[in-house]
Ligand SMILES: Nc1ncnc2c1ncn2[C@@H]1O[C@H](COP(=O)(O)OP(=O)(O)OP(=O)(O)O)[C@@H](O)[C@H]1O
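Read the single chain below, which is given as structure tokens and is the form predicted on its own.
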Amino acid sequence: MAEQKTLIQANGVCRDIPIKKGIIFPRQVGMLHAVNNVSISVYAGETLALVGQSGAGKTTLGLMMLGLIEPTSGEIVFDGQNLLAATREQRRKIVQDSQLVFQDPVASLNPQLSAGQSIELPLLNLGWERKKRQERVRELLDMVSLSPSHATHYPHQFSGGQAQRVAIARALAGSPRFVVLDEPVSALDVTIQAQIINLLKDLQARLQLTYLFIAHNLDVVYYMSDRVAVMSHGRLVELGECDEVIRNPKHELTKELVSSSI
């Protein structure tokens, strides 16, 4: 990649979760190291894939990089600003610059809100005037290849692919620079997966977005990503250019993931 400017980085981050036993009088019996001393950078404009088996710590790391949960130790730095040391106003700007697209598109949308209301809500929180919010909703629906009439539809009226387009539009409402895609196509049919992946790539090029792409399907990762990071039991075990990692894996887990996708 020609541009190697770091947009967001994790420096030695850990996230420990107490393990408790007992219902009436729960007591701590151990500690789960969900993320264990991980250091990783995401370059501006790239797609960094985060892969690994279930429970590897991928989503936990993604949520920490969004500032949605705090690390037990270590630091998250967004565009030079340490999230833990940021003021309320600085954190507000960072949150606006960072968004999340969930795995299950229908479940991620409020069933009581129409698509237009869901997309509009982040703009309402940002203090946008009503007319500008409505114009932005129409713009975003067009951006994700939905029609203005879809603004009045509710989540149960959408197919999985349409619901994910609404979720993507909502994530892009405030013009973020960094988007965490948490298994964004795994709940969709294969044909729809290709459409959503192509949409995400087109939006990235158009809006100069930076993606952290959490996934387990290496076929999708190979098509979507610039670099790949492999996690196992909370640790980072391999990192490199996508083509190199998939064609010449070094770690045993990476070899296992590659062989299972063939």
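Please read these numbers as outputs of a predicted model, since none were measured by experiment. Heads up: residue numbers just count along the shown sequence, starting at 1.
Beyond what is shown, the protein has a form predicted in complex with the named molecule; the following relates to that form.
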| query | finding |
| --- | --- |
| In the predicted bound form, segment of 30 to 38, 218 to 226, 205 to 213, 190 to 198 with a heavy atom within 4.5 Å of the named molecule | 30 to 38 |
| The named molecule contact at V230 in the predicted bound form, heavy atom, 4.5 Å | no |
| 4.5 angstroms heavy atom contact with the named molecule in the predicted bound form for G45 | no |
| Heavy atom of G67 within 4.5 Å of the named molecule in the predicted bound form | no |
| Contact test in the predicted bound form: D104 vs the named molecule, heavy atoms, 4.5 Å | no |
| 4.5 Å heavy atom contact with the named molecule in the predicted bound form for all of G55, K58 and E183 | yes |
